[in-house]
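Okay, so we've got the same protein chain twice, two forms, each given alone as structure tokens, structure 1 and structure 2.
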Structure 1
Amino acid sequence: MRRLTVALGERAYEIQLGQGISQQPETWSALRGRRLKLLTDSQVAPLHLPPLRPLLGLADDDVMVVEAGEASKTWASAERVLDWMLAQKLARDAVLLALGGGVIGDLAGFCAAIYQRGIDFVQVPTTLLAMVDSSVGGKTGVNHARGKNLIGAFHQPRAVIADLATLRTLPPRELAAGAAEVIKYGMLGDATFFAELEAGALEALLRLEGDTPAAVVARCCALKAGIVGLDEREAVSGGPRALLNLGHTFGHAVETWTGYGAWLHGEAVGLGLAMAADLSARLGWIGADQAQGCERLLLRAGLPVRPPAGMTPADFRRLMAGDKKVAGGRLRLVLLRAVGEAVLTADFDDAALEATLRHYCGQP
């Protein structure tokens, strides 16, 4: 087992990761004596819930299963989860376990944040994307028709328990979606890591080969933990945590335009990373060859690098205008000064942005 700490003072917590750790009683020792409830989805439940039931002493009414997919990350779903929690008469010393991918982690965390003004929850991620990104950092929330993650709260988990054995149950598309967030970390803050991915670590990760998954997950978690420790709540003025949104403003526009679900979150982020690199090159901040190298790596992961058919530059602009990083009426984007060095900025040429949008939307 590998252990990392997210250093947040009294809100500090440990990330545990390793093969089969969810089946080891000592993994759950800190929760002994606590009243536990578990939220999961219809795809994860048959795969990973059965061995946890006896280990954690979970009865049928201790578990709620929602439909799998981004369509469950809504205010209506949150209301159903809260109704279940209230019906169980949970006290504030209860703990909600989030067993699943990013949707379950965000939904469970949001409900834990607002139930009786906040109860503890534990992230038990079962996807690559959730392990390297969404389970760490305390961002929780649900989507709205007007935009991705527009309703939410910061609520740090009490622990993250990442059992790498669950990755073997993922279809290739889900692994590829997680790889987008992995590539993001190299692009925004670790050029050496990016070079390692280019040199073959990406394919080793997608094959779940040897110690590569553990090493990659640990590296991404360490990078995110360091940033979150510096800037827990993503300061409006543009603190370092905002850099974790590299590719997300473009990607969230795609997710909103498609109605949440047609594209996986990681697929949309992958496209957003390509677009951010392209715009950075058009601004002269990185070389065209570097932008092309980013796109090639995304393609090697099996990710789409063009938006859905029919989406236009005007669609991107309209949806990006509602992004949470808009400040003072100005769109701010996370772009690259170099591969491995990102910056949040509103100081970009709008003509260059238009050129990137037109290029990716297939318009002259």
Structure 2
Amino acid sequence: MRRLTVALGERAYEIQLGQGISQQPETWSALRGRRLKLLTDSQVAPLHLPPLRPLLGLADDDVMVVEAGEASKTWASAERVLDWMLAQKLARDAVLLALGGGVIGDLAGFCAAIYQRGIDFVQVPTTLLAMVDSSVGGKTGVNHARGKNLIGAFHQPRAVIADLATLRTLPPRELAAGAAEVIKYGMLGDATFFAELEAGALEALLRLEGDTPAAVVARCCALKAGIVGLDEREAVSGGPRALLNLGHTFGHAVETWTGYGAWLHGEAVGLGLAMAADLSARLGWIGADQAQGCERLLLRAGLPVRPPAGMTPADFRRLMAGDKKVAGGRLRLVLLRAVGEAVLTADFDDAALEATLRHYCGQP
């Protein structure tokens, strides 16, 4: 088992990761004697809940199952979860476990944040995306009809328990979407890691081969933990945490244009990574060959690297103008000074952005 610490003073916590660790009683030793409740979804429950029930001593009413998918990340679902917790008269020393992907982690974390002003929760991520990204860092929340993640709270988990064995049942498309976030970490903060992915670690990850998934997830979590440790709440606009949004401004535009759900979040981020690299190359910050290298790696993961048919540069501009990173009316983007070194900047030539948008939208 690997252990990493997210260093946040009194809110510090450990990430435990390894093959089969959720089946080992010692993994849960810190929770012994606590009243446990577990939230999961309808796809994960039949696959990964049965062995946990006896281990954690969970009775039927200790478990709540919501429909699998993004549609469950709503205020209405949160209300149902809170109703369930209140009906059980949960005291403040109870612990809510989130068994599932980012949807369950965000929903459970949000409910834990606001139930009686905050109770402990533990992330038990079962998607690659949740293991490398959403389970670490304390962002919790639900979507609103006006947009994604508009209602939420910062609430750090007490622990993250990532059992790599759960990835064996994850559909390949979901695994690839998580790989986009993995590639993102290499591009934004670790050139050596990026080179290792290029040298074959990517395929070993996608095949869930040997120790590679654990090593890759540990590397990503260490990078994220380092950034979160510097900038827990994205307190300074444009602080280090903003770098985690590499690829996200372009990606969100695609997700909004297609209507949420048609493209997986990781797929949209993957395209955004290619576009950010392309723009960085047009600005002369990285070589054209390096930008192409990023795109090749995304393709090797089986990710789409062109926007949906019909999406135009004007669509991108309109949707990107609504991004949270717009400051003083000026669009800011996370771009690459080098592969392995991202910056948030408004200092880019608009003609270069137009060229990237036209290139990707297939307009001469």
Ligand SMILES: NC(=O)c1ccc[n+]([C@@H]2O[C@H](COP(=O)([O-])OP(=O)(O)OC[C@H]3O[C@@H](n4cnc5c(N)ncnc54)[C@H](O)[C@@H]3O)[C@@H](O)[C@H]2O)c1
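Rigid core: the largest C-alpha set superposing within 1.5 Å between the two forms. Please note that residue numbering is based on structure 1, beginning with 1 at the start of its sequence. The model shown is predicted, which means the values in this text are computed figures rather than measured ones.
*Asks:* Deciding between structure 1 and structure 2, tell me which is the form predicted together with the named molecule.
*Replies:* It is the second structure (the form predicted together with the named molecule) rather than the first.
*Asks:* Superposing on the rigid core, does the Cα of P172 end up 2 Å or more away between structures 1 and 2?
*Replies:* Superposed on the core, P172 moves its C-alpha less than 2 Å between structures 1 and 2.
*Asks:* Tell me, please, whether between structures 1 and 2 the C-alpha of L353 is shifted by 2 Å or more, with the rigid core used for superposition.
*Replies:* Yes, L353 moves 2 Å or more.
*Asks:* Verify the C-alpha shift of Q156 between structures 1 and 2: is it 2 Å or more after superposing the core?
*Replies:* After core superposition, the displacement of the Q156 C-alpha between structures 1 and 2 stays below 2 Å, so no.
*Asks:* Where the core is superposed, what shift in Å does the CA of M311 undergo between structures 1 and 2?
*Replies:* M311 is displaced by 3.7 Å at its C-alpha.
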